[in-house]
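The chain that follows stands alone, in the form predicted alone, written as structure tokens.
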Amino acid sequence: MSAKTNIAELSALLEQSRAAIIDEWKRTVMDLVGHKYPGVLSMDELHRHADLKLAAFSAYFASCREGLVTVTKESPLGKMVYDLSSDHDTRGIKPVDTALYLVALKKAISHQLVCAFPDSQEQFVEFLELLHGLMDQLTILSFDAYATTREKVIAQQSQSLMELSTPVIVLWNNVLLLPLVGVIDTIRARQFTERMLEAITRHEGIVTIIDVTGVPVFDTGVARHIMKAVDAAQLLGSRVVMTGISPEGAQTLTKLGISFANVISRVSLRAGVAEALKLVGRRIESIAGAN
């Protein structure tokens, strides 16, 4: 019997036994996964998924003319499994549970093969090899979908955290505040410099306050990053007031011979805001009669 004949018979078997396979598959899912799925996917959804998959399996085998072909995420069957795994990830279903979901389907189909060919061990083994080869490809696609989805989520979260950690605040007309929090590495330095320069251009910032109170380590690397940001800000016509340098940080910078010659430095953010307002011709005064 040729491989083409085997594939055609397997396709026909899947179509004929679809209802029995779906029932067996749902029971196996419950045995392997327990009650995790019903809390996220209804039994109707499980039934629909199995029905669609078996139809796609049958169509896949029917489309193989000279033998099995590689399943990719662009092919109909591969895309179905890929999209399903991505959907499971968004619903909070773990990758191992989706793998068990596919294993359950494979077990259900294997059981039907045993029932269909009880006296033909050779044909049963041939069909089983075809099925396992396909399921291995689909399992790999499933985990690829999870990895890709996770990478996208992590990248989006990292971008959001970086944006939150480097806000640019408009304190007053032409006065901006850039509070820095956390470790300043090359990537963060480039990002806060870009955000600061964009804000200076957009709001016509005459004075920019850079507050480093929340920077735990103020060393040579951090100082160089900030010096580059200061130089870029001054090229756009914005004076820089730096606040929040700790006594330890000041001593370290002095020992290293690093100075911010063109930067106005104030010990606290309060003093820095007062200085920035002074530079734009403003000041803070008490209201007469107020306590």
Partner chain sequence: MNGSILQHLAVTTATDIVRARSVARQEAARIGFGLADQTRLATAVSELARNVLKYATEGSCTIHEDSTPVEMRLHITMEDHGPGIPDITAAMKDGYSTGGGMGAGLPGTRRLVDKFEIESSPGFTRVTISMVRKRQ
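Residue numbers count along the first chain shown, from 1. Nothing here was measured: the structure is a model prediction, and the numbers come from that model.
As for the form predicted together with the partner chain, it is not shown, yet the points below apply to it.
Going by heavy atom distances of 4.5 angstroms or less, which of G92, P167, P76, P216 would be at the interface with the partner chain in the predicted bound form?
So the residue touching the partner chain in the predicted bound form, by this definition, is P216.
If you check V222, V240, V29, A229 against the partner chain in the predicted bound form, which one has a heavy atom within 4.5 Å?
After the contact test, the surviving option is V222.
Within 4.5 Å of the partner chain in the predicted bound form - does that hold for a heavy atom of every one of R270, A274 and E285?
Contact check failed for every one of R270, A274 and E285.
Going by a heavy atom distance of 4.5 Å, is V183 a contact of the partner chain in the predicted bound form?
Heavy-atom contact with the partner chain at 4.5 Å: present for V183.
Spell out, yes or no, whether the shortest heavy atom distance between S265 and the partner chain in the predicted bound form is within 4.5 Å.
Judged by the heavy-atom cut-off of 4.5 Å, S265 is well away from the partner chain in the predicted bound form.
Please determine whether L256 contacts the partner chain in the predicted bound form, using a 4.5 Å cut-off between heavy atoms.
L256: contacts the partner chain in the predicted bound form.
Please determine whether E248 contacts the partner chain in the predicted bound form, using a 4.5 Å cut-off between heavy atoms.
Looking in the predicted bound form, residue contacts with the partner chain include E248, since a heavy atom lies within 4.5 Å.
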